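There is one chain below, alone, in structure tokens, taken in the form predicted on its own.
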Amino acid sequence: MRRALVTGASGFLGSYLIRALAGTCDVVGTYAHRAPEASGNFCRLDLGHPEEVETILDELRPEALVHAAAAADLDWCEREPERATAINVEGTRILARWAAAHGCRFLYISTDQVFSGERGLYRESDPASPICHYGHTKQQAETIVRAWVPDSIVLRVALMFGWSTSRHRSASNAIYENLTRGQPVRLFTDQYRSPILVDWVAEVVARLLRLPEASGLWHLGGDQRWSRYEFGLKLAASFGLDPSGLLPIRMAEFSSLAPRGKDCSLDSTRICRLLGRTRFSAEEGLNRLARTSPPRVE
């Protein structure tokens, strides 16, 4: 693999993907509006303009394409369903069609939001049942990718935590910064996810691209099924911060446009077996994060 293209390089995960792949091949990252601040080879790519996308792909001729770009704000997707569909569904169709025509390795980053959240610990064999428009667009995109590129990889990723290197603040950034400033943080006690360190997600993507047997659908999340509030408590403990600023609330107390699932945790047994791991420990990930330099809080 001589060249890889990463869409959404200015996003939270995208910046880590660029670093994980940089040592293995020539990497080009794309962005929609603002170029990443980090050094690297980047170009603007608007998924809403098919001809522009195809022109850039024809110029770059990547041998692997990691599609991490998406309109991922749940409430924005509810307000702007047509625009969200154009980016998340039709944009993905263009990329998948090009990859199929040029024999390009294709890895699509999907989400735990393709599930309703009624049960939790979802496996790859469980049927998708999204309840928000964002989830619907991601499910449609998954179907498109697997239809156009049968040997593609669809990776459903759980809630990621880590230091954000872009303007997109992660959940861990927000909790850490507010607690450090002595500001309260409201966190759900009845919404469950399976959080995973973003560094590990990027490392897994790099490994999967090198494994021809890794085609198909995979789930990737941490080993713990934690509520948002539990995650906040664990983060505070890892950093030795006073947890009294964490305010427990229930989902019914929070007003939002997009419906949110109560338990979208993922079962990552299959991918752990593939990669020769026993688990991705959420607590270990938080401890690893605590050993790195946090963002400057002003």
Ligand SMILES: NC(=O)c1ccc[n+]([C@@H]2O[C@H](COP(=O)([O-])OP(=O)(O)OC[C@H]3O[C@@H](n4cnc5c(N)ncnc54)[C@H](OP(=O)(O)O)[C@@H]3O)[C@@H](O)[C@H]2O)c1
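Computed from a predicted model, the values in this text were never measured in an experiment. Just count from 1 along the sequence shown to find any residue number.
The same protein also has a form predicted together with this ligand, omitted here; what follows describes it.
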- So which of Gln191, Thr165, Gln224, Ser110 gets a non-hydrogen atom within 4.5 Å of this ligand in the predicted complex? Ser110
- Interface check vs this ligand in the predicted complex: of Leu209, Ile87, Val154, Ala202, the one with a heavy atom inside 4.5 Å is Ile87
- 4.5 angstroms heavy atom contact with this ligand in the predicted complex for Phe12: yes
- Query: Do Glu54 and this ligand share at least one heavy atom pair within 4.5 Å in the predicted complex?
  - Reply: no
- Spell out, yes or no, whether the shortest heavy atom distance between Asp46 and this ligand in the predicted complex is within 4.5 Å. yes
- Spell out, yes or no, whether the shortest heavy atom distance between Ala158 and this ligand in the predicted complex is within 4.5 Å. yes
- Message: Is this ligand in the predicted complex close enough to Ala32, Ala70 and Tyr134 that every residue in that trio has a heavy atom within 4.5 angstroms of it?
- Response: yes
- Message: So if I measure heavy atom distances to this ligand in the predicted complex, which of the stretches 256 to 264, 61 to 69, 269 to 277, 238 to 246 falls within 4.5 Å?
- Response: 61 to 69
